[in-house]
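We begin with a single chain expressed as structure tokens, specifically the form predicted alone.
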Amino acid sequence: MAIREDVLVVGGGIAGATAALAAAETGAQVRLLSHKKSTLRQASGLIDVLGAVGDNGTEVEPSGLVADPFEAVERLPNSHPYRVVGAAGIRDGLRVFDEAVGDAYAGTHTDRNALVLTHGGTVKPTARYPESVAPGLASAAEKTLLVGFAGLTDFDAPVAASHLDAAGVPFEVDGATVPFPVEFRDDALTTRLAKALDTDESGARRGLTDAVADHLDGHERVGFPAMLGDDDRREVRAELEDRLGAAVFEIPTGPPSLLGLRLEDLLFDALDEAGVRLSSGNPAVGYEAADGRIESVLVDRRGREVPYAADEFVLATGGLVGKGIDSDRESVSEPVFDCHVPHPEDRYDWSEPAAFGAHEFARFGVVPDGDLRPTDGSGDADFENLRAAGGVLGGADTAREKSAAGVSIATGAYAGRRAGESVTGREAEEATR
């Protein structure tokens, strides 16, 4: 007998987690299928809703940075997923996210983007950011010291400081490189350094502040790469601030991202609290359907196809990077439900000569109807009870727009809520009263 739920979400990233949480709010019984480890651990941990839009929507240039992402939605092309869910859908996605992460994130006080310092020495517009990042926002005109560690190649503090200074940030900024107070091998992961601060291994916290003190010289805040503890991160940061007499903040880094790992923990804790069932470790490889409706998703368990049945389904398997969209030299496809993915026949038309150009492949994905249901080549919904969310949707150049997490939570919340309501007949707000 097939495993059966009201709603089955396929994909364990931020879009899938948000869809499952939104569906559970309606009172539906929800299961989330996840194959590999979540891509959240490769992400920055920031929630970028919309950071840049060009004059013609798709041609995003640096001069097109967005202060109010809600106001800018109408400037996006009609094919963009935000044009389906609208500003109200983005707000609902942020609501689901905010309730899941609680006070671990900041940014709920305003509709306007904050400017977060990056490890490359730039500023990034973002709507939600970890509370440990908040003291380092570029809008605060405070003398700033960036601190990197010898052997940690992902973050060169003096170079990042010089880039910020050249960009004209409204504060004095300097950079320093110090030895980490506990000796590890050169390729030690940031998670290992964080654990040393968590446990105060060999007096790591005092050793770190002693090393930084020589460079403090009146700086009002000190930024470190995001590795200031994990389980006891608030205690670590508070102790460093007390010893240094300055505000301490974290700077998002590349993978493996401790901020991404922390976000993954927060979302999966919320899924557990919402009663969402989780099945992980095996890939979805196909489906069974009848009369225009999906009946079950087939999961490969060591060569045996196991059906997971439901009344409603959400496809949230990611884009090209997450393998939710597949490609070879001849074509582009969606591998689970074989949904239509439009693309130029000539592969040379998939990309632009410039490395950071408006590449066609960046917008590859399924084409949704007005209810986020994937459509066939003629514009009709593939299946009555299948909706899509996140990177598997086409029409958004999320890297250039700085919108990846925002598209995921907005479309995830919409798809999950509509799936749940279709089963229970209850709107999410009514179900949670």
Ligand SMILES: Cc1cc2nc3c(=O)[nH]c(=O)nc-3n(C[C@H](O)[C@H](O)[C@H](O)COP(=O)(O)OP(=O)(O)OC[C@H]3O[C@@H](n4cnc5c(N)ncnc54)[C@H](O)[C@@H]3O)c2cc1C
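Just count from 1 along the sequence shown to find any residue number. Being a predicted model, the structure only gives us computed values, none of them experimental.
The form predicted together with the ligand exists for this protein as well; it is not shown, and the discussion that follows is about that form.
Can you pick out, from 47, 386, 28, 66, the residue that has a heavy atom within 4.5 Å of the ligand in the predicted complex?
Selected residue: 47.
Just one of 318, 107, 89, 121 has a heavy atom within 4.5 Å of the ligand in the predicted complex. Which one?
Among 318, 107, 89, 121, a heavy atom within 4.5 Å of the ligand in the predicted complex occurs only for 318.
With the partner removed from view, which of 202-210, 319-327, 218-226, 144-152 is the stretch that lies within 4.5 Å of the ligand in the predicted complex, judged by heavy atom distances?
Contact criterion met by 319-327 only.
Do residue 135 and the ligand come within 4.5 Å of each other in the predicted complex, heavy atoms counted?
Result no; residue 135 lies far from the ligand in the predicted complex.
Taking heavy atoms only, is residue 22 within 4.5 angstroms of the ligand in the predicted complex?
Contact check for residue 22: no, nothing within 4.5 Å of the ligand in the predicted complex.
Should residue 164 be classed as touching the ligand in the predicted complex when contacts are defined as heavy atoms within 4.5 Å?
Contact check for residue 164: no, nothing within 4.5 Å of the ligand in the predicted complex.
Test of understanding: in the predicted complex, would residue 12 fall inside 4.5 Å of the ligand by heavy atoms?
Heavy-atom contact with the ligand at 4.5 Å: present for residue 12.
For the stretch 33-52, return the residues whose heavy atoms include at least one within 4.5 Å of the ligand in the predicted complex, in the order they occur.
Counting only heavy atoms within 4.5 Å of the ligand in the predicted complex, the contacting residues of 33-52 are 33, 34, 35, 36, 37, 38, 39, 40, 42, 43, 44, 46, 47, 48.
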